[in-house]
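One chain follows as C-alpha cells, the form predicted on its own.
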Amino acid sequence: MNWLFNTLWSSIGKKLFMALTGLCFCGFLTTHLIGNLTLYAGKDAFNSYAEHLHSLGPIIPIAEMGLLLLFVIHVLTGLTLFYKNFRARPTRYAVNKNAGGRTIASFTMPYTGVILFSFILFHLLQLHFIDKTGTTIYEIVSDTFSQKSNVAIYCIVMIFVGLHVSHGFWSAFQTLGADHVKYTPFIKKLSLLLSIIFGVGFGLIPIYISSIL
C-alpha cells in the first residue's frame, strides 16, 4: 500500500488527480449548460427542469457536495504543483520565451483556477445557498441578472472558463497518456471548441436574461 500512497502523493499522482477531476468538471459543465439552456424556453420550462432535479431527492445534494470536494481537490492540488514548480525555479529568466508551445492559457492556469474557485463559491452563495421560500429558481436567476454588475461578473468569468478549459482539457488527456501524433491535434481542436461552447454558452445566458427583464 505504501507504493500506492507514494505514487498518488507524488507529482505524477497529483497530475493524475488534476487530470481526472478536470475531466469530471468538463462533464459537469456540459450537463449544466444543457440544463441552463432551458432558460431560453421560458420560465415554465426552466422551473420544470429545476423541479425535475429536486425530485431526485438526496442524490442532488450528495452530488453537489461531491463536486465541491472534487473542485477543492483540483484547486489545492494545482496550487501545490504550481508552488513546487515555482520553488524549483525561484529565479525568473530575463526574457520570458514562449518555449514548448507555452500559451496564455497554459501560463495562467493557476490564476484562472483560483478565480474560478472564488467564482464557484460566489455563484453558490448567490443562487444556491439562499432562502427559496415563496419563490422559484427562475425568479432568483432573474433577480440576480437584473443587476448589471452581476451580468458583467458572469460574462468576464466565462472568459476565464474558456481559457482554463482550452488548455486543461487536452492537457488532461496528455497526462493520462493519450498523447499521440495522430490524436493530439484532434483533442486540442476539441479543447478549443469546448472552451468556446462553455464561454459563449454560459456567457450569453446572463445577457439574455438581462435583456428580457
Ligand code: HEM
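All residue numbers are counted from 1 along the displayed sequence. Computed from a prediction, not measured in an experiment: that's the story for all the values here.
What comes next is about the form predicted in complex with the ligand, which is not displayed.
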TODO: Considering only heavy atoms, tell me if Leu23 and the ligand come within 4.5 Å of each other in the model of the complex.
DONE: yes
ask   = Wondering, does Ala19 line up within 4.5 Å of the ligand in the model of the complex on heavy atoms?
value = yes
Notebook entry, point to check: Closest heavy atom of Ile156 to the ligand in the model of the complex, within 4.5 Å or not?
Noted result: no
Heavy atoms within 4.5 Å of the ligand in the model of the complex: does Phe122 have any? no
Exactly one listed stretch (36-44, 169-177, 60-68, 141-149) reaches within 4.5 angstroms of the ligand in the model of the complex by non-hydrogen atoms, and it is 169-177
**Study point:** His32, Gly203 and Ile205 all contacting the ligand in the model of the complex, non-hydrogen atom within 4.5 Å
**Key:** no
Taking the ligand in the model of the complex and a 4.5 Å non-hydrogen atom cutoff, the residues of 49-87 making contact are Phe71, His74, Val75, Gly78, Leu79
